[in-house]
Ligand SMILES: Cc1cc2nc3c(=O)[nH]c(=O)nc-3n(C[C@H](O)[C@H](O)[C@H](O)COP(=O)(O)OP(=O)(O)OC[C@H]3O[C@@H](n4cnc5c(N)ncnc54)[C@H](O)[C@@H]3O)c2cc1C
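Presented below, as structure tokens, is a lone chain in the form predicted on its own.
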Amino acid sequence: MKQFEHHDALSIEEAVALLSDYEGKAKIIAGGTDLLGALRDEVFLEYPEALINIKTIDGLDYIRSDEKGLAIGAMAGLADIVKSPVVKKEYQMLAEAAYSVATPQIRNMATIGGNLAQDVRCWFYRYPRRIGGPMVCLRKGGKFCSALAGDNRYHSIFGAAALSDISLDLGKVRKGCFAVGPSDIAVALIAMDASIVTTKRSLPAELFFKATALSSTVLDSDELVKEIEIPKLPMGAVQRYDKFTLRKPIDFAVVSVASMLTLNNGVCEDARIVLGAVAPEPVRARKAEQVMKGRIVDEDVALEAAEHALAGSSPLRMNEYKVEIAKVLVKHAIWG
């Protein structure tokens, strides 16, 4: 690692002030499960001048429940979320999503705020400098996403122009990063209509994720997550979270799905279905939700909803298989 300054913030206000002082050249460190590896491999376009440690801020690791819903501090550990009695009983989709993250050792260190704000895992972006210098992808000052012409088997299947071979004129395809959002927690939170409270604002979780060439969230350089708020879920809401990985215990999702259905005598009154690892941001499957409303939920409805959920996909050369996996997970989330 290169040299950097290290600050132990004692309050949120101090952390924000330090971020502002460094004008975008500092990084927040909480559990460090993502950041330390990125620093070691010199992933970032510019190495940070400082790390601002927020583990030293008291009172940010709470999990509180009341008649309005659930409030979780940004420093709450994933392991604590998994073990929380109220989460397991009333918000089990969140517990399942947290349990699906990595290994017990990682979950013991990782925080919910860090999981939401983590950087993408694209192997072009993460290519270690020590092996031969950085790959100049869009996130590192390049003109286009390296995945367009490279190995894109784990990249976005939404919003991309169909690519039949690498000889295509890259200037004619969508400009943007095709790395997928890596957060398991994000998918569950959006399905539960959660809000994310930062030091500047409160916004629906669905609007927190907005991929650009340099970021995966809407956070400003002097802004950090303070709290996650989940409203009280409808009585009897059916919650499911599932993801497909190659090495079940440790991998990031190839595809993930979270669903929350409100049923009345088998009839779907409301549905929220969210796909993860299929686009730069989690994808709300609104067409699938609309197909289900007012209908008795059965296997045929689940299959129809799955088709609608992936109707807008346009996979790259090597990742069309993700479409079929996503359909299976959506169907399973609805019908089992």
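Residue positions are given as counts along the sequence shown, with the first one as 1. Not measured: the values here are computed from a predicted model.
There is another form of the same protein, the form predicted together with the named molecule; it is not shown, and what comes next is about it.
Could you tell me if A30 has a non-hydrogen atom within 4.5 Å of the named molecule in the predicted complex? Close contact exists here: in the predicted complex, A30 approaches the named molecule to within 4.5 Å, heavy atoms only.
With the cut-off set at 4.5 Å between non-hydrogen atoms, does L310 touch the named molecule in the predicted complex? Taking the distances in the predicted complex, the answer for L310 is no, it never comes within 4.5 Å of the named molecule.
Even though the partner isn't displayed, in the predicted complex is D193 close enough to the named molecule, meaning a heavy atom within 4.5 Å? D193 lies outside the contact set for the named molecule.
Indicate whether the named molecule has at least one heavy atom within 4.5 Å of a heavy atom of D34 in the predicted complex. Within the cut-off, so yes.
Heavy atoms within 4.5 Å of the named molecule in the predicted complex: which of the stretches 147-155, 116-124, 133-141, 86-94 has them? Single hit among the candidates: 116-124.
Option touching the named molecule, based on a heavy atom within 4.5 Å in the predicted complex, out of V255, A205, V225, I72: Of the listed residues, the single hit is V225.
Among the candidate residues V274, I54, A306, M292, which is the single one with a non-hydrogen atom no more than 4.5 Å from the named molecule in the predicted complex? The option sitting close enough to the partner is I54.
Pull the contact list for 89-125: residues with a heavy atom within 4.5 Å of the named molecule in the predicted complex, in sequence order. If the 4.5 Å heavy-atom criterion is applied to the named molecule in the predicted complex, 89-125 yields S100, V101, A102, I106, M109, A110, T111, G113, G114, N115, A117, Q118, R121.
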